[in-house]
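Heads up, what comes next is one protein chain in two forms, each shown on its own as structure tokens, labelled structure 1 and structure 2.
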Structure 1
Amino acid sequence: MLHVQNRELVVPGQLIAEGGYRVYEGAFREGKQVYASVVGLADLHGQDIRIIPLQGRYIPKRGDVVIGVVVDSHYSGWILDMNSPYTGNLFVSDLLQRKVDLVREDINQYLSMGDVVVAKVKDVDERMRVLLEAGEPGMGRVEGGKLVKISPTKVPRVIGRKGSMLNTLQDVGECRLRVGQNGQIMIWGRNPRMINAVVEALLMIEREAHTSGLTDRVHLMLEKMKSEGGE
């Protein structure tokens, strides 16, 4: 039996349901009862219970694409800051996708401090040590562009339903975007005005993430910015 409606705002300790439901993140079970553990929106799908959090840090998950900044290097790789309580470890072989002879090759030619890297979380162990890889096309070191940081809980809103928001941002904003699950977003574009407009749009999405009709408002705002100034 459910005690809340779909998309209802819940607070920690609130009773959500009783009975044999499957419980995912944001909720926990105590005997037959299911309670919320965070402030968020209840996402109920048949037998599945999940709470979409409204607040919180990025916790690395296997398979997530993240954007990180190189903060340190070691013998065989680099340490990346992922806007999270945990740092990521990227080995040279996971960056280049080949065997690297560390005696013969100087790995500093591939990445240096402060570089921005698009990477995928390869593995997270129980001590939250994060292993990254950057082998897929479009991953690895980022050239040019602008890095924007938003709250990781707002990332789904930036992408939108079936990527609708992301398409609006890219098409109307005349920019190319790469969104990391950790809330770091890269923007590339020709027109600096439009890049700034997209940054504004992203901050607006972060601010108004709970409201409906956001995609249309972002569309309008970008169109307005576009018509106001030329090159």
Structure 2
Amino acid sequence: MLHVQNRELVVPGQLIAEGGYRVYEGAFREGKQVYASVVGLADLHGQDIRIIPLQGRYIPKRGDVVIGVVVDSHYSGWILDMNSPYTGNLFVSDLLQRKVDLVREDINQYLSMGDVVVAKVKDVDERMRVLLEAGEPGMGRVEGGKLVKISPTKVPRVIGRKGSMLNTLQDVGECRLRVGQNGQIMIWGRNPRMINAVVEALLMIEREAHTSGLTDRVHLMLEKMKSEGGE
């Protein structure tokens, strides 16, 4: 039995449902009762219950794909700002996926201060020390593009159900996006006007993530920007 409606705003401790529901992020179970653990929107689909948070910083989890910026280096790697209270440590061997002779090789040839990097969270220990890796295809140093930062809690809204919002941003916006779970997003495109339009769309999603019909409004906004650019 559900006690709230889909997309309803809920607060920590509020009763969401009773029964054999599957409980995911933002909710917890006590016996047969399911409660919200964060301020957010109830996301109810079939037997699945999750709460989409409206606020909060990014907390790294193993397996997350993030986009970070190099802010420091050390003898065997780099420190990345991940739009989080915690920084990420990327060793050169986890970037290149091979052993590196640190005496003979200058690791500065691979990454420099300010470089943007797509990486995966390899491990997070009990002291919240974050280890990154970037050897998979499509990871590593980012070439070109524009970096946009939004609240990490709004990332699910940027992607949308079955990728609907992300497809709209890319298809109508004529750009390619890479979305990090930490709220940092890279945008590539040939038309600077449409890149800026996609940035505005992302900020709109961040502001209005709690509202319905958002994908349609983003679609109309991008179409308008596109048509105005063609006049």
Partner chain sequence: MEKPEKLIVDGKRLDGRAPDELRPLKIEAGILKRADGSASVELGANKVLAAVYGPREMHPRHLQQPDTAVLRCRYNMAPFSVDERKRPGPDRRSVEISKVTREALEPVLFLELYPRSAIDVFIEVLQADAGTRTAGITAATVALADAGVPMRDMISSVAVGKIDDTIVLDLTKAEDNWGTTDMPIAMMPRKKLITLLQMDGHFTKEEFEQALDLAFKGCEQIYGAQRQALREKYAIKKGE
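Whichever C-alpha set is largest while still superposing within 1.5 Å between the two forms counts as the rigid core. Everything numeric here is computed off the predicted structure, so don't read it as measured data. Here, residue number means position along structure 1's sequence, counting from 1.
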Report summary line: Output row: form predicted together with the partner chain located in structure 1
Requested in this report: Check Leu54, Ser93, Glu143, Asn83 against the rigid-body motion between structures 1 and 2 and give me the one at the hinge.
Outcome: Leu54
Query - Rotational displacement of the minor rigid part between structures 1 and 2 [degrees] - result: 19
Query raised in the report: How many angstrom apart are the two C-alpha positions of Glu25 between structures 1 and 2, if you fit on the rigid core?
Result: 4.8
